[in-house]
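One chain follows as C-alpha cells, the form predicted alone.
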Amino acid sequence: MENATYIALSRLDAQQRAMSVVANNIANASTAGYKGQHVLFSDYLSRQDGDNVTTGGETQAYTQDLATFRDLAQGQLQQTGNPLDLAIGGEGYFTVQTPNGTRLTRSGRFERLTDGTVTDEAANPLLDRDGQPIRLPAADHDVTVSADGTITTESGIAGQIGIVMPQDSNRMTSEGGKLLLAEGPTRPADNPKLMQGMIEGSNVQIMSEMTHMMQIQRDFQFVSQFVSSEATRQQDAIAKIVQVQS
C-alpha cells in the first residue's frame, strides 16, 4: 500500500520540477535572446517479487526526471534601428566578459561606454574573436556590422565580434535570463550571420506555456488528492486495528 504513495510522490516531485521550469519560461517571455526550457520525464519500472504482490502489481511505474533541455528555435526578430543592437541568425552565441568569467548570450542589446568599450546592458564587455573586449574609436559615430561580425567605423575596421558554439548547447547553465555558462570549451561558429539593428526576442510561446502550466496544476491537484485520500485510508485502517486489539 505504501508503494502507491511513493509512486504518487514521485509524480508530484516531477510536477513541481515542471512547474518551476514553466514559471521560469513565462518570467523570461520578454527577455531578449532567451531560449525556453522543457523537462523530460519517463517511467522508472520496478519489478515486484514475492508472495505479497497483488495481481497486476508486479511492475510499478515511478516517474523519474530524465533531463531538462533547451529549445534552440530562433526567437522572433525585432527591428530597432539601433546600430549596436545585433541579432544572430541561426546558431551561435555572443561572448561577454563578466566578473565571474566569460559567458555566452543570445541577447544582442549592446551599447558603447564613454571610452568606446562595447558592452551588454549589464556593462559586461563584448568580446572579439580573440577573446578581447571590443573598443570603438570614441570620436566615430557611424558603426557598421557585417554578417560575419566585422565592425567598421569612420576609422576603418574596429574588430570582429566573436560568435562561438559550445560543445553541447544543452549542457549550459543559465545565469539569469540572458547569460549562459558553457560546460567545456567553445569553438568559433562556422558561418555566423549577424543582423544589425535587430534584436532576437525570446522564443517562449506565452499562450502555450500558460496552457501547460494549467495542465500541470490540474495534474498536481489530482495526485495531491490521491495522496491525501491514501493517508486518510491508512490512518482509518490503523485505528480499526488498534480498536480490535484493545
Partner chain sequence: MRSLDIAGTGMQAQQTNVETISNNIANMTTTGYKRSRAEFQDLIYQNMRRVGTTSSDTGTIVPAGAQVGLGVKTAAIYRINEQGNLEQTSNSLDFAIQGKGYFQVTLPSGQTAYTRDGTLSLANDGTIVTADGYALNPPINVPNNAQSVSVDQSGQISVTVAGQTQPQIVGQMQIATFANENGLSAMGQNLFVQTEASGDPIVGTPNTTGFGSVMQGYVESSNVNVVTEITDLISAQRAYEMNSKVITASDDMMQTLTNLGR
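Residue numbers count along the first chain shown, from 1. Keep in mind it's a predicted model, so treat the numbers as computed, not measured. In this text, the rigid core denotes the largest set of C-alpha atoms whose superposition between the two forms falls within 1.5 Å.
Below, we turn to the form predicted together with the partner chain, even though it does not appear here.
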query	finding
Stretch in contact, per heavy atom within 4.5 angstroms of the partner chain in the predicted complex, of 127-135, 158-166, 113-121, 95-103	113-121
Interface membership of residue 10, the partner chain in the predicted complex, 4.5 Å heavy atom rule	no
Any non-hydrogen atom of residue 32 within 4.5 angstroms of the partner chain in the predicted complex	yes
4.5 Å heavy atom contact, residue 176 and the partner chain in the predicted complex	yes
Distance check, residue 216 to the partner chain in the predicted complex, heavy atom within 4.5 Å	yes
Heavy atom within 4.5 Å of the partner chain in the predicted complex - qualifying residues of 202-222	206, 207, 210, 213, 216, 217, 220, 221
Residue 18: Cα shift of 2 Å or greater between the shown form and the other one (core-aligned)	no
